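A single chain comes next, written as C-alpha cells; it is the form predicted alone.
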Amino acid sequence: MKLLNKILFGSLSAIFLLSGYDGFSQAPDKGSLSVAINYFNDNNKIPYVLVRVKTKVNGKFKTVPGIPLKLFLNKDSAGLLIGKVVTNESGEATSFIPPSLKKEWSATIKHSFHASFMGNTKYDSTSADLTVGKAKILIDTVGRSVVATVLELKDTSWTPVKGVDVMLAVKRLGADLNINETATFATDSTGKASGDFKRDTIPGDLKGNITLVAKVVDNDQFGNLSIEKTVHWGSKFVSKANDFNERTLFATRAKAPVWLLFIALGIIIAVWTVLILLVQNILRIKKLGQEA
C-alpha cells in the first residue's frame, strides 16, 4: 500500500512539474508591424525612399522607433541592396539610391522597392513592396501664372501624363502656401497644370525673391515628385533698425522705458508708505493703551 501511495504521489508530482514547465516556457504573443514605403524625387535629382513603421496599440496606430530594415531595388538580393536603415523616434527611415545601382536603375522604366524586417523578440518579421514608374516634373511661369508639366518615361521618350494632381505653392519655412484658393491642379492632355499667382503681398528676401514649388504627392504611379523655381514676385524684406540699446520693453534693464520706471517706483513708494503708516498707527494705539 505504501509503495502504491509513493507511485501515485510521484506521478502527480511529475504531472504538476510538467504542466508548470509548459506554462513558464510559453512565449508571449509577438506584435505585428505595418511597413509603408514612399518614393521621392526632388528637383529631378537623386531619388530616395522613406519607410514608415507603425504598430496597432489599443485600436490606434503608433510609430515604432529602432526597427532595423533592409531596402532592396527590384528584388531581395544582396547585389541590389539599397541600404540598411533603422527607424528614428518618428518611426521613419530614409535611404538614397546609391551610385552602385545606377546600371540597374537605368535598365527599366519601372522599379519596385522592397523593405524587409527579420523580426525580434517583440515583433514578427514583415515586409513591404512599392512599384513606381519613372517620371519627372517641370515648372515654368507665363506672366503671373505658374505652369507645371508632368512627364513619364515610356520606352526611351518622355511622354506627357494626363490627370495627375499637382500642388502649386510658395515654399515657406513652416509649410508650403498655395498660390491661390485652389489646393491642386490636374494636368491636361499635354501634361500641363497651371494656376494664377494671387499672393501679391507675400514677403520675399532682400531682393523680393520667393521660391515656387510644384509637387505631386503620394501618386499611385509615380510616388512623390517636386521641383522648385525662384521668381521675383515677393515684396522686399526691409529690416527694422536695431533699437536694442534704446529705451524699449525689449531692451536691457538699464534701458527700461521712463514711464515703466515711474510706474514701478510709484508702486514701491505706495506700498512702503502704507506699511509705515500701519506701523505708526500700531505704535500710537499701543501708546494710548498704556496711558489709559
Partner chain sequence: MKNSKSIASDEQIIQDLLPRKFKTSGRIWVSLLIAICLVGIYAYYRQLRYGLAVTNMRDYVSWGIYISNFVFFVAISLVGSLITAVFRLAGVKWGAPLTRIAEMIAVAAIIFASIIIIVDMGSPERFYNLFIYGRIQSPIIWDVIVITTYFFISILLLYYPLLPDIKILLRFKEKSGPGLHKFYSFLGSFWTGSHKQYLLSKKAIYALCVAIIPVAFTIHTVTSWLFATTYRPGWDSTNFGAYFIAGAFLVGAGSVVVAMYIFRTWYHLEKYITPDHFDKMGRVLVLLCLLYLYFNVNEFLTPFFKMKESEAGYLNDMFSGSFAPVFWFAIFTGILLPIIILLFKQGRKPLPMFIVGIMVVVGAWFKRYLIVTPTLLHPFMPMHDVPEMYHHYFPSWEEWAITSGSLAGAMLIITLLCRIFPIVPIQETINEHHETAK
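Residue numbers count along the first chain shown, from 1. From a predicted model like this one, the values you see are computed outputs, not experimental measurements. Here, rigid core means the biggest group of C-alpha atoms that superpose within 1.5 Å across both forms.
The following text describes the form predicted in complex with the partner chain, which does not appear among the structures shown.
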{"query": "Any non-hydrogen atom of residue 46 within 4.5 angstroms of the partner chain in the predicted complex", "finding": "no"}
{"query": "Residue 273 within 4.5 Å of the partner chain in the predicted complex, heavy atoms", "finding": "no"}
{"query": "Contact of residue 257 with the partner chain in the predicted complex (heavy atom, 4.5 Å)", "finding": "yes"}
{"query": "Proximity of residue 32 to the partner chain in the predicted complex, heavy atoms at 4.5 Å", "finding": "no"}
{"query": "Interface stretch in the predicted complex with the partner chain - options 248 to 256, 224 to 232, 36 to 44, 66 to 74, non-hydrogen atom within 4.5 Å", "finding": "248 to 256"}
{"query": "Candidate spot 261, 278 and 282, all three touching the partner chain in the predicted complex (heavy atom, 4.5 Å)", "finding": "yes"}
{"query": "Rigid core superposition, residue 46 Cα moves 2 angstroms or more between this form and the one not shown", "finding": "no"}
{"query": "CA of residue 57, rigid core aligned, shift of 2 Å or more between this form and the one not shown", "finding": "no"}
{"query": "Core-aligned C-alpha movement of residue 66 between this form and the one not shown, 2 Å or more", "finding": "no"}
